[in-house]
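Single chain ahead, written as structure tokens, the form predicted on its own.
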Amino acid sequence: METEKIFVKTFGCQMNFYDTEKIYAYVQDRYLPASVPEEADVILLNTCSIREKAEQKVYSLLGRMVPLKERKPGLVIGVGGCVAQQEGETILQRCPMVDIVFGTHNIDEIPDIIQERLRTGRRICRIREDVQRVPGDQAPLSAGPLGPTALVTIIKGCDNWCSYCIVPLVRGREVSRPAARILAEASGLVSKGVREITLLGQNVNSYRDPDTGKGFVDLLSRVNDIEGLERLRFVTSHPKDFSVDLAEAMAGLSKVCEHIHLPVQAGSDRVLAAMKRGYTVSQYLQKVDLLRKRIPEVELSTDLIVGFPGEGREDFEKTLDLLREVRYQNAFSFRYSPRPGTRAALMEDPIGPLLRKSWLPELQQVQNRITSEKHTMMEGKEVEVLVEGSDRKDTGLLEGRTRTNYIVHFPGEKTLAGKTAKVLILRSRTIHLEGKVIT
């Protein structure tokens, strides 16, 4: 009998990509990964609902799957992740092509859910409410080959309740994973060839080992000590919880990369207070200054929301000023999107989104100029690059990252994948650098 195949389409953040890896690990005894949906016997959408546009993409893709389902009636189509946790049975009512729906806490049940659908023919919705464990925590490592980089979740959920954010509603309250399991997973990945690990959480700073009570800095130090690991990153770090101890750890631990994602969201104290972020612009800038004093070469990226309810032009100008002052390597910026169940969705907005329509491209233009200037400054420098493989557009070049998170493309043999190389930067491009291998 021919081995069946499964295809998982991932939407959204790195946390979802980690969950997708766990889904593949859970089903590896029965299904092989499919490279395209057309060759799959099971298609799962691992969804994101942090913004309305991401949610709309899910329903749009489901609509395009109707002809595929008609050609292959036995095909199982499932929706999981945050949209599933949020919408539940509504997805089955709205989308007749969907066979199964599973929430963010049900990843370990996926093999059983698929088999129940095939055995009974019933459409299934399985949504657990918040549970005190990390989904996928007991999942095995993938049986297949791994790339040089990998993700490891250390904490799930969030207790911050920012007024615009749906994460606590769809991911639940904060639950830290035992350090022993994190270290075992990280060590297992390194033994299979992984050279760089990113520790994941909605707020890694809140991590607390349930067995010992020790915090994130201790965990970072222990992962740093894993033999064979070359690089260590983490995301996301909430500014209100970023500490001197963490800055010292970043400076002192040899494998921790000189890059941090520190989401500011807005440059106006008034807007930050309405967002319930828990810090002022001045406090945020103090932490940026702390980082740059301890780690002069550090690069920062951030998240920004444009057009929050009640945000005026003066508030927006302060965000532009913040961009120019901090000079981020990258900024991931979005128009505000009201999410059901959040406090911000109920806020009055006398200005209205139409009057702010031009703000996002204006902000992105400022950031693109800063990014371009930083890229130009890299020309002529020699950098250490961890080679991840062929570049994403498959142009025949290799792709890798510096410790400071610059993407570099360069010619070279594919056997370099998984190794570090010294690269001379020759020229800058919009989102990457180009160079040549020296050693």
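Computed from a prediction, not measured in an experiment: that's the story for all the values here. Each residue number is its position in the shown sequence, starting from 1.
We do not show the form predicted together with ligand 5AD, though everything after this point is about it.
Proximity to ligand 5AD in the predicted bound form, defined as a heavy atom within 4.5 Å, singles out one entry of R208, R270, R123, R335, which is R335. Only one of R403, H375, R51, H409 comes within 4.5 Å of ligand 5AD in the predicted bound form through a heavy atom, and that residue is R51. For the chain shown alone, N106 is not a contact residue for ligand 5AD in the predicted bound form, no non-hydrogen atom being within 4.5 angstroms. Shown alone here, F316 lies farther than 4.5 Å from ligand 5AD in the predicted bound form, counting heavy atoms only. At the 4.5 Å threshold, heavy atoms of R339 reach ligand 5AD in the predicted bound form. Heavy atoms of V175 never reach within 4.5 Å of ligand 5AD in the predicted bound form, leaving it off the interface. Across the options 288-296, 301-309, 226-234, 357-365, residues that bring heavy atoms within 4.5 Å of ligand 5AD in the predicted bound form belong to 301-309. Contacts between stretch 247-267 and ligand 5AD, counted in the predicted bound form as any heavy atom lying within 4.5 Å, involve P263, Q265, listed in sequence order.
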